[in-house]
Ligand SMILES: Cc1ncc(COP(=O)(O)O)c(C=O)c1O
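One chain is shown next in structure tokens, namely the form predicted alone.
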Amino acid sequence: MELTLNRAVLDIPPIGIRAFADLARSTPGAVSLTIGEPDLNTPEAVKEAAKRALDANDTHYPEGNGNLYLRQAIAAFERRRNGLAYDPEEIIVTIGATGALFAGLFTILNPGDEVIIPTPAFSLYEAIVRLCRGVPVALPTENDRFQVDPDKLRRALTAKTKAVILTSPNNPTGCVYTQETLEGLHRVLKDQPVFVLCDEVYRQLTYTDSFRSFSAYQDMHDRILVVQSFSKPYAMTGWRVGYLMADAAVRERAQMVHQYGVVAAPSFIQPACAEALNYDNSADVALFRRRRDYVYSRLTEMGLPVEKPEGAFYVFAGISQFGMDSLTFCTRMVREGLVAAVPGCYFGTEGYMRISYCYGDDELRDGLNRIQRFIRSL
């Protein structure tokens, strides 16, 4: 008898972003503008809360869905900051947003179910859908300025459609869905038996006062799942904590996936997460906005097509004019220009590269100078 592995695992490629960051690290003298990790440190008050928890021996099993005080803090924060009404019993504290995505998608998908993913998109969505034996369906947005066209979404819906994933602010584009886009999507989806998974990990990193989210349509409360993370807005990437918010009936089943998969998020970091919700990150947002403006102005001066980001900390620059696919372009740029960005193909969209501005001013200036020199050499 031949030993075999799960076919779903065999069909999943390595994470392209990490692979390309590794290429940059292994190239002597290369500057990397690849990873979406704030160059800031976790706020002192957050770290102190974790230290106090350790000193108090808060190292035993916590509640499976997250301790009640943290879920209460999350519910209050979401109501106060984002206008979302979720009861603490509709919240699961997860191992990062990744854990929330896994728990949510595993709960709702059956083999063969289709999930519409507007592209460009974070590659994790497609991978998780495939691991759940679902079918990812790409919905390209590059010809619509990275907005999701409601008519195109309507045409993409089939009898097998189980869910739509919406990410705003978006990774990799930094674009935010307009009110017009959201209203159009709501008209299409409000009467459909389809779940909407709203990935909002960059919601607290927006540069516009007019930001709105699809999760605000609470007439679809029973079908909306909201994914959040402590990583991006509070510089807590290494803490690996996020949360999933969903209607009680969905959350009841999702907690089974979560608890059988990981049991619970570590106990002593939960007080730190509650403290993080009190942190005013407005200075950090101002920092990233300034960096956004600098990177955007430099790229437009180089003649690269780019939509100005209104959130997150990425720019998705067009490179199709150079007559090569994005992997070839970015590989040459590392080896010849000694600067790394992430190929657009890793986000399901050719002809682009993603530049992260989670780096200091000197690194950004040096990296962009290298990009400019490389482009001029082509």
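Sequential numbering from 1, following the sequence displayed. Source: prediction; values computed, not measured.
Beyond what is shown, the protein has a form predicted together with the named molecule; the following relates to that form.
Site annotation in the model of the complex: the residue of Phe195, Tyr202, Phe214, Phe146 reaching within 4.5 Å of the named molecule with a heavy atom is Tyr202. When you look in the model of the complex, the only residue of Gln255, Asn82, Asn281, Ser231 with a non-hydrogen atom within 4.5 Å of the named molecule is Ser231.
Not one of Phe329, Thr349 and Tyr352 places a heavy atom within 4.5 Å of the named molecule in the model of the complex. The stretch from 73-81, 97-105, 261-269, 111-119 that comes within 4.5 Å of the named molecule in the model of the complex, counting heavy atoms only, is 97-105. Using a 4.5 angstroms threshold between heavy atoms, Thr181 stays clear of the named molecule in the model of the complex. In the model of the complex, at least one heavy atom of Tyr125 sits within 4.5 Å of a heavy atom of the named molecule. Remark: Arg130 does not count among the residues lining the named molecule in the model of the complex, judged by a heavy atom distance of 4.5 Å or less. In the model of the complex, the named molecule stays beyond 4.5 Å of every heavy atom belonging to His221. Residues of 164-184 placing a heavy atom within 4.5 Å of the named molecule in the model of the complex, in sequence order: Thr167, Asn171.
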